[in-house]
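Take a look at this single chain in structure tokens; it is the form predicted on its own.
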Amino acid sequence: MHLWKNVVIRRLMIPLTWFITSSVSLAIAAEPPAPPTQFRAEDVPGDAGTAIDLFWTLSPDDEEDTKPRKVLRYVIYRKTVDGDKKVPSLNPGTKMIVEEENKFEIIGEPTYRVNKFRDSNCEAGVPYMYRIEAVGQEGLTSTPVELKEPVIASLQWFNLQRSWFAVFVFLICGSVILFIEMARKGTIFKVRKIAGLEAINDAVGRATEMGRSCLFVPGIQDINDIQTVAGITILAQVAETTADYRATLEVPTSRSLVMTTARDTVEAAYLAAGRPDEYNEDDIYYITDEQFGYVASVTGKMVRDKPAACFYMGAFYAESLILAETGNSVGAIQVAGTAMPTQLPFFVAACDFTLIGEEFFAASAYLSGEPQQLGSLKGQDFGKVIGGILLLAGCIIMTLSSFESAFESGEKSQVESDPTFLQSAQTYLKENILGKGGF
């Protein structure tokens, strides 16, 4: 009898215990999370007055690793503060009716463990009020926390966070202007000799001895491409050399404007060489804008006429290998120059001389000798020197700082102290010179 009563009691206690436990768990889970604290807003510096940054300290329930989580996300509200707007009553003699104040609207819902948010949809000069709530299980929200006073996004004319960038721009642009003025006053700048340009005389001389023509291909882009402009500048030197040697120069083009520019350039070169009567504009002609139609025409003429010297100066694509291999098959001396990284390997493999990247642009300054181009070239070199010094200094500082940190971490009785010079330099380099810290 007693045994039967014990069994019955146990069977009744199990569901009762489960019910009590579930009720307690639901009661605990149903508690709203604690609100975040220290909610503040700041205008984003250096912008056009369209953004405001919001910061807060995480909810105490968000800092604990509990399962299930007590805080799932934060909800941020915003409203404009325009003051109370009043409208007249319909009944004369009565008081003014106060219009309902602007309501809060949701503008963002950052997830848990996030304590900042940027509102990028603001208007300059408009005061905004913000509110934040922590959202927990079952959609329960914490007590809302509002700002103590509205915040206004303002327009700044200068972004002081980019001050180091302004310094570099000033140094490089100033050096370009300085070197241009020095070149105009007669200062002679030393420019490293470029083998491909030194070979122009030999290539044209070989063509003259063999009684064959010289072929100049100014790329397949229009005259608004900087590589085409650089190629036309080199064409002026090639044309002047062919005029001195009385060799034939042919310039097939794939753009009508390039043809017109090339004709004027070659005519001026022949005039400067004192042989304007030997200039023939029919040797500079237009073929077609279609890429492989142009290449088929040029390579066909190369096979038929077998030029002794081929110059490829400009922007090229898939046709570069076809042109270079065809010129190589007819035994021509080939000089190429381009800034297209994907086509350089083909020119290097099939041509005798190749102007790689910056050499191609430096060639126009090297050949023309114009003060503007020489000054720009030297100014760019000065900028490269500054960049190289910063890169080297940054690598040294980061390396020594890592060694210093490893040495300090190996000491047993290490106590937190002020950052060392290297650590301060590392932080300044990352946050100010490379980052947005400004001065």
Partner chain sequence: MKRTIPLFISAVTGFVLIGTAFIPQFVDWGNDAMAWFNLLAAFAFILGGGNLLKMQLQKISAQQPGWGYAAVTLIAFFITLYVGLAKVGVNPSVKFPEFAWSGEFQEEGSAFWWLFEYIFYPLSATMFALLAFYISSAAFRAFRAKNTEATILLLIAVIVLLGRTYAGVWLTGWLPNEPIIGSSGITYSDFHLPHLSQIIMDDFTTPGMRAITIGIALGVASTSLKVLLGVDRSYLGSDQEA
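Positions refer to the first chain, counted from 1. The model shown is predicted, which means the values in this text are computed figures rather than measured ones. What we label the rigid core is the largest C-alpha set whose atoms superpose within 1.5 Å from one form to the other.
Although not depicted, the form predicted together with its partner chain is the subject of the following passage.
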item: Of Met210, Leu140, Val126, Ile226, the one that lies within 4.5 Å of its partner chain in the model of the complex (heavy atoms); value: Ile226
item: Tyr77, Phe346, Phe353, Tyr245 - the one with a heavy atom within 4.5 Å of its partner chain in the model of the complex; value: Phe346
item: Contact of Lys185 with its partner chain in the model of the complex (heavy atom, 4.5 Å); value: no
item: Contact test in the model of the complex: Pro341 vs its partner chain, heavy atoms, 4.5 Å; value: yes
item: Close approach of Thr260 to its partner chain in the model of the complex, 4.5 Å, heavy atom; value: yes
item: Contact flag, Val191 vs its partner chain in the model of the complex, heavy atom cut 4.5 Å; value: no
item: Proximity to its partner chain in the model of the complex (heavy atom, within 4.5 Å), stretch among 143-151, 193-201, 230-238, 128-136; value: 230-238
item: Its partner chain in the model of the complex - contacting residues of 299-333, heavy atom within 4.5 Å; value: Arg304, Ala318, Leu321, Ile322, Glu325, Thr326, Asn328
item: After fitting the core, Ala362 CA displacement of 2 Å or more between the shown form and the other one; value: no
item: Shift of Tyr285 between the shown form and the other one at or above 2 Å (CA, core fit); value: no
item: C-alpha of Gly331 off by 2 Å or more between the shown form and the other one on rigid core; value: no
